[in-house]
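Only one chain is included here, represented as structure tokens and corresponding to the form predicted alone.
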Amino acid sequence: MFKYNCLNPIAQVGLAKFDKNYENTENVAEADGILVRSAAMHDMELSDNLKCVARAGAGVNNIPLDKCAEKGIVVFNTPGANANAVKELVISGMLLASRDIIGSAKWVEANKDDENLAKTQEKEKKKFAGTEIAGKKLGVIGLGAIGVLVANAAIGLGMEVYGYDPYLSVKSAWSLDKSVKHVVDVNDIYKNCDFITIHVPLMDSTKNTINAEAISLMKDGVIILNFARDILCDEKAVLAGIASGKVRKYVSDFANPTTAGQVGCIVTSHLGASTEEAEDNCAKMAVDEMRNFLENGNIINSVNYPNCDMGVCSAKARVTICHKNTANMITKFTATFGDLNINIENMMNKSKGDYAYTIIDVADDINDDIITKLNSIDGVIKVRAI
């Protein structure tokens, strides 16, 4: 029996994927797995029983990844599960910024009691005239699941699209519309594009990607869209760009005191993944990842340990080991099984930064003595028998 805890409400369609071997617990200390959306976990006490955390969403800045890795707690996210929802909001953001739809709607509301509204609007509508997006140049910074969908949708809307991603995956490359122009220098996007949208993960190296220097290279009247994380943009520099006329509009999905209500800013209340479909998709993917890990020991879509998948175990037993990424670990593991006269039928080892993960299928039952001996190896963090 496995126990799981939900730190946030998780869509029932996802929780329904747990079978009779799973029990929901309110006591987080006894949970084998935690499901989370936005709850802050940095100050949480992480129990030794906790084996994994599944984030129903893409961003994981609310989870202490290093702390979890040090304790052998595998953290998952759900890349791509909410990508379509965010894509649609980005496209709507471009339309809202290029056509003064919000200003027009507010004018109609303010003049709702005007008996001659139909005539008056014909005189006033020129105040809200905008531009079309067809034929304009869109720069997409970051070609992951969301960036690819945005780029492809923009091609369909008749835009000329430039994409930048120095870490472009094979999967993304195959998914990208052949009309997208892949650039190797982000400055080409800054200098040439009418719209610029950013879709990169938040890391120390990506903070303030859009800064005063980048803005200075942009075309006059550029529209900047940020549906990834607010601090990917230096928003004070963006406001300065609006004041100078360099930036026409800034569209952000992250309300904060810097941009809320400011001239030239269209700010929404973190709606990116807030659709029923996206929440359902994230919940289902998070539960699938947790179950696959707890039941089979497989890691898929982890952010602090390497992906490592050996499918369903067909051998007598399976052992999984979270450990430091140091030399001779595999030699020590195989020697331990050899000393106990246990035959290894299959094995996989993957590494990611300072940490590694090993799955070993064996022809014999696993007892506490084997687990103890493996745990005693220097560099081993957590051992599980499945």
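Each residue number is its position in the shown sequence, starting from 1. This structure is a prediction, so every number in the text was calculated from the model and none was measured.
Absent from the display: the form predicted in complex with a small molecule. The rest refers to it.
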Next on the checklist: Give me the residue from Ile146, Ala286, Ile224, Val74 that has a heavy atom within 4.5 Å of the small molecule in the predicted bound form.
Outcome noted: Ile146
Checklist entry - What is the one choice in Ile133, Cys265, Val180, Val200 with a heavy atom within 4.5 Å of the small molecule in the predicted bound form? => result Val200
Next on the checklist: Please determine whether Glu235 contacts the small molecule in the predicted bound form, using a 4.5 Å cut-off between heavy atoms.
Outcome noted: no
Item to check | the small molecule contact in the predicted bound form: Thr258, any heavy atom under 4.5 Å | outcome: no
Checklist entry - Would Asn296 show up as a contact with the small molecule in the predicted bound form if we use heavy atoms at 4.5 Å? => result no
Next on the checklist: Quick check on Tyr250: any heavy atom within 4.5 Å of the small molecule in the predicted bound form?
Outcome noted: no
Item to check | Answer range among 306-314, 82-90, 240-248, 113-121 for contact with the small molecule, defined in the predicted bound form as heavy atoms within 4.5 Å | outcome: 82-90
